[in-house]
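Shown below, as structure tokens, is a lone chain in the form predicted alone; questions about how it binds or moves come after it.
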């Protein structure tokens, strides 16, 4: 027996980066505040899968698909051997492990593609933005979640297989995926060590992607949306909404200028018709100003917008209702129901209409999930 390099550096880096990406993406999938992080690691997973497909042809001996080209029947036969306690030891992927690799790549690709279309549909952002409606994006999201669950179950199966193999053959398989080294017969081929170039390329691409994605968090949002001062920018905050200087001046002089896309046209019509009792105040707008503001608000109301907040708020309101407060719409109430009373009473929040306390893009009116942060 001799010590042999089985897993070259790029293969090992791929393995741990892929595992880490999936783990972080899974852990950040349920919290809107972490949506940008979830999205980044989804894109990273997709890039890693692309690399692995290339490395499966150009990589080291044991990384190439030709070295573990086993049929599903061979995988089942090997599992039966292992269960009987007599499985053959393989330097590279065994027949059952090879099926796990193929399935992980296939499910990972399905998770990433459905994630792209979920983001493009439900959020109207990213590489697939505008290719489908929000309703279609919700349907794709169901598939995204199902494939992610299947992938998680497969990961657990893979870990169980590694544990059994390590026990059966009295070797530490996780350590070999760190060092790349295994004990092998004298005639066993070894992976070539100069694959370091591929590893450096993989690290460079990953680091550049992380820098590009998270560097935006330190830049002011006005550079992309045209207004706001000192507001941190977030990835995938969306495109600039229609704006109007007169509307922003009149409505923003007393409070946040809530974008027209956050209520249906009938709400804005009712608000302007009842402007003499505007939440205890008489707006006292002249006829021309009232008409100009109403035209802007009706033309850009919720039913005219394809943005996520607009569509979801509008669809939650009954056709016969014309609410005047965004905080009373069913979608808003449901979205904020888990926020603690102590957060509402916080000195940094104080009021449910102080949207800018938690939403970094409140002034822009986009209200993206990734731009939300509750001050503690």
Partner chain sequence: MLRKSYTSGLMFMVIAGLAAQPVFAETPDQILASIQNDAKATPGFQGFSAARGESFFKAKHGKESSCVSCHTDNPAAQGKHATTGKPVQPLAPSANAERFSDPAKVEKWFKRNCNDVLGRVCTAQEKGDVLTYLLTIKK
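All values reported here derive from a predicted model rather than from experimental measurement. Positions refer to the first chain, counted from 1. In this text, rigid core is short for the largest set of C-alphas that superpose within 1.5 Å between two forms.
The following text describes the form predicted in complex with the partner chain, which does not appear among the structures shown.
Colleague: Okay, which stretch from 96-104, 203-211, 280-288, 302-310 lines the partner chain in the predicted complex, with non-hydrogen atoms inside 4.5 Å?
Modeller: Only one stretch passes the 4.5 Å heavy-atom test: 280-288.
Colleague: Answer yes if any heavy atom of residue 20 is within 4.5 Å of a heavy atom of the partner chain in the predicted complex; otherwise answer no.
Modeller: Judged by the heavy-atom cut-off of 4.5 Å, residue 20 is well away from the partner chain in the predicted complex.
Colleague: Considering only heavy atoms, tell me if residue 88 and the partner chain come within 4.5 Å of each other in the predicted complex.
Modeller: No - in the predicted complex, heavy atoms of residue 88 and the partner chain never come within 4.5 Å of each other.
Colleague: Considering only heavy atoms, tell me if residue 77 and the partner chain come within 4.5 Å of each other in the predicted complex.
Modeller: Because no heavy atom of residue 77 falls inside 4.5 Å of the partner chain in the predicted complex, the answer is no.
Colleague: In the predicted complex, is there a heavy atom of the partner chain that lies within 4.5 Å of any heavy atom of residue 249, even though the partner is absent here?
Modeller: The answer is yes: residue 249 has a heavy atom within 4.5 Å of the partner chain.
Colleague: Answer with one of 272, 256, 152, 82: the residue that has a non-hydrogen atom within 4.5 Å of the partner chain in the predicted complex.
Modeller: Looking at the other structure, the residue within range turns out to be 256.
Colleague: Within 337-376, which residues come within 4.5 Å of the partner chain in the predicted complex, counting heavy atoms only?
Modeller: Result: 350, 351, 353, 354, 363.
Colleague: Once you line up the core, how about residue 172: does its CA shift reach 2 Å between this form and the one not shown?
Modeller: No.
Colleague: With the core lined up, does the C-alpha of residue 276 move 2 Å or more between this form and the one not shown?
Modeller: After core superposition, the displacement of the residue 276 C-alpha between this form and the one not shown reaches the 2 Å mark, so yes.
Colleague: By the 2 angstroms cut-off, has the C-alpha of residue 325 moved between this form and the one not shown once the rigid core is superposed?
Modeller: Yes, the C-alpha moves 2 Å or more.
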